[in-house]
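Only one chain comes next, encoded as C-alpha cells, the form predicted on its own.
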Amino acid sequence: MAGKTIFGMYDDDGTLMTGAAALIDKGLHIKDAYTPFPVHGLDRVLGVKWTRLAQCAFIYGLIGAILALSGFWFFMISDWPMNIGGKPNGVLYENLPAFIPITFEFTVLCAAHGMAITYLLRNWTLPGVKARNPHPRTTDDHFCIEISTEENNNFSEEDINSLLKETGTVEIFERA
C-alpha cells in the first residue's frame, strides 16, 4: 500500500465540496484538489494555509520604490542636474512631489512582475515543464481530489475507494 495515490473525480463543484467535507469528517486526509476554476470555500474545507504572496508583493513594491527614488536622485540631482521648471534644486525631498507619479507606477510594475515570477516559480508552471495535473478533464469540466495512502495509514485502499464512492465520485483511479 506504500506510495499509492488515489484520485476521485467529481462532475460538480457542490458534490466535491460536500464529498470532501464528508471524507475529512470520517478522518481521511485529502492531499490536494484539482479544479477547472476556483471553488469558493474549498481551501477552508481542505485546511489549506494562506499564501505569503502578498508579503512578497510588498517587498517587491518596496524594492521598486527604492530603486525609483534612488534613480531619480542619481539621474536628476547628482549625475546630470537639469533645471526643468525650477527642478532640481539639489535635494531630493524638495523635488519629491514631482517624482511621486512615476515612483508609484514603477512600484506597481515591480510588484506585479515580482508576484508573477514568484507564482510561476513556486508552482513550477514554467514553459516546457510537464503539468502535474492528474487528469486532462480537470482543466475542462471535472473536479478531482488526491488522497495519498501513506498519509492515511489507518485506511486500506478498499476503505478509501468505498468512501469515495459514497461521496458521489464519477470515477476513481490510482497511481503508484
Partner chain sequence: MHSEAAIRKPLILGDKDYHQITEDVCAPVEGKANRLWYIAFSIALIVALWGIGCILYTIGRGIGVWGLNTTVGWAWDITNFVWWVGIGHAGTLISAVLLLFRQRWRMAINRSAEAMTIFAVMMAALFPGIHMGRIWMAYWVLPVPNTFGSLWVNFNSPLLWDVFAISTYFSVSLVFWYIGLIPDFATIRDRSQKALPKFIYSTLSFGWTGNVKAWIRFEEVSLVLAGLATPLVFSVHSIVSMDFATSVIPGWHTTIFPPYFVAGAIFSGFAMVQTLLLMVRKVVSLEAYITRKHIEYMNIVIVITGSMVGIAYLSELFISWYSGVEYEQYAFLNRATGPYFWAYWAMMTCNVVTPQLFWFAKIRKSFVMSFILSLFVNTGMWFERFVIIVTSLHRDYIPANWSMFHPTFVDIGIFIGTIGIFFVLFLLYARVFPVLALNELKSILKISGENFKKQQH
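Fair warning: this is a prediction, and the values are worked out from it, not measured in the lab. Numbering follows the first chain given and starts at 1.
Absent from the display: the form predicted together with the partner chain. The rest refers to it.
- Proximity of G27 to the partner chain in the model of the complex: non-hydrogen atoms within 4.5 Å are absent; the residue sits far from the partner.
- Using a 4.5 Å cutoff between non-hydrogen atoms, M82 counts as a contact of the partner chain in the model of the complex.
- Although the partner is absent from this view, G14 contacts the partner chain in the model of the complex, with a non-hydrogen atom inside 4.5 angstroms.
- Proximity of T139 to the partner chain in the model of the complex: non-hydrogen atoms within 4.5 Å are present.
- Residues of 23-56 lying near the partner chain in the model of the complex, listed in sequence order, are D32, A33, Y34, T35, P36, F37, P38, H40, L42, D43, L46, V48, K49, W50, T51, L53, A54, the criterion being any heavy atom within 4.5 Å.
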